[in-house]
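Taking the form predicted alone, here's one chain by itself in structure tokens.
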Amino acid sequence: MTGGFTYNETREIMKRFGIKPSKGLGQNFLVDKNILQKMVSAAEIGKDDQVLEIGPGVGTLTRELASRAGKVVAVELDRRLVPVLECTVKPFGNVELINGDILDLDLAALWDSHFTGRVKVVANLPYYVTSPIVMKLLEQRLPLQSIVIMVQKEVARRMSAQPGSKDYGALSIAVQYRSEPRMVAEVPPTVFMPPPKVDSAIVRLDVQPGLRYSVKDEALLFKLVKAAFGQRRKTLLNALGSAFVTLDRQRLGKALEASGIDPKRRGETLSIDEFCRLADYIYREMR
């Protein structure tokens, strides 16, 4: 039997094992089969695919993934849910369960021991750790093909925001530097048990084998981005002054102008290409 669990089925499973959703772990279990199908369809799972699921909960999404994929590795932090998962995914022989925190795991070692080739990530993430998990997956340059995740709608907007919009910020650049994000669907609180206090969204991030942008020093690029958005109301010239103290105001102004950027602009108006160009010029100036 495949397919997700309804609200009543999920409640019955939790009752049978004597557990309740943990607020501290941000547990909101998906109980709507239509939304589940949208999520799995967005991931385009086939029999040749290997899937990493983060936070499988009671196994609703896990079962659907296992029915379509060649292999599913599910990482669950809450040890109370391990016996639940062992029961709910028992009919499937292609699921491996790991009890651990994805933020503490050595992902390179996880890939070496469980996967071959590129992997698809599918997850209903706890909202309080969405950004750290996504950035860990992207920053380690793992052989990823795509990431399909359920996140807070506000975060989904920030991931896919364009320059000049109110949602555009450091997270937008960090995600778009390494992947192509798109919002798949908006999701109301009523499809979860218990319902969160915010609206949600399904997001897909397509990850290319190589980086989408070229820059000489990534650490310097993201220092630049952090400084530009740390004081959004200030012009770039003023916002960058405190972050790059080794460059005086005149040299900073020269770097901006040489990069084709008006020093009076604000960071929220710059494209990623412009940030990369400016970072490379500052890199040369600081050497």
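As the structure is a prediction and not an experimental result, all values here were calculated from the model. The first residue of the shown sequence is 1; numbering continues from there.
Omitted here: the form predicted together with a small molecule. The next part is about that form.
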| query | finding |
| --- | --- |
| In the predicted complex, segment of 220-228, 42-50, 242-250, 26-34 with a heavy atom within 4.5 Å of the small molecule | 26-34 |
| Proximity to the small molecule in the predicted complex, single hit among L144, V155, L125, V84 (heavy atom within 4.5 Å) | L125 |
| The small molecule contact at I54 in the predicted complex, heavy atom, 4.5 Å | yes |
| In the predicted complex, G100 touching the small molecule (heavy atom, 4.5 Å) | yes |
| 4.5 angstroms heavy atom contact with the small molecule in the predicted complex for M183 | no |
| The small molecule contact at L77 in the predicted complex, heavy atom, 4.5 Å | yes |
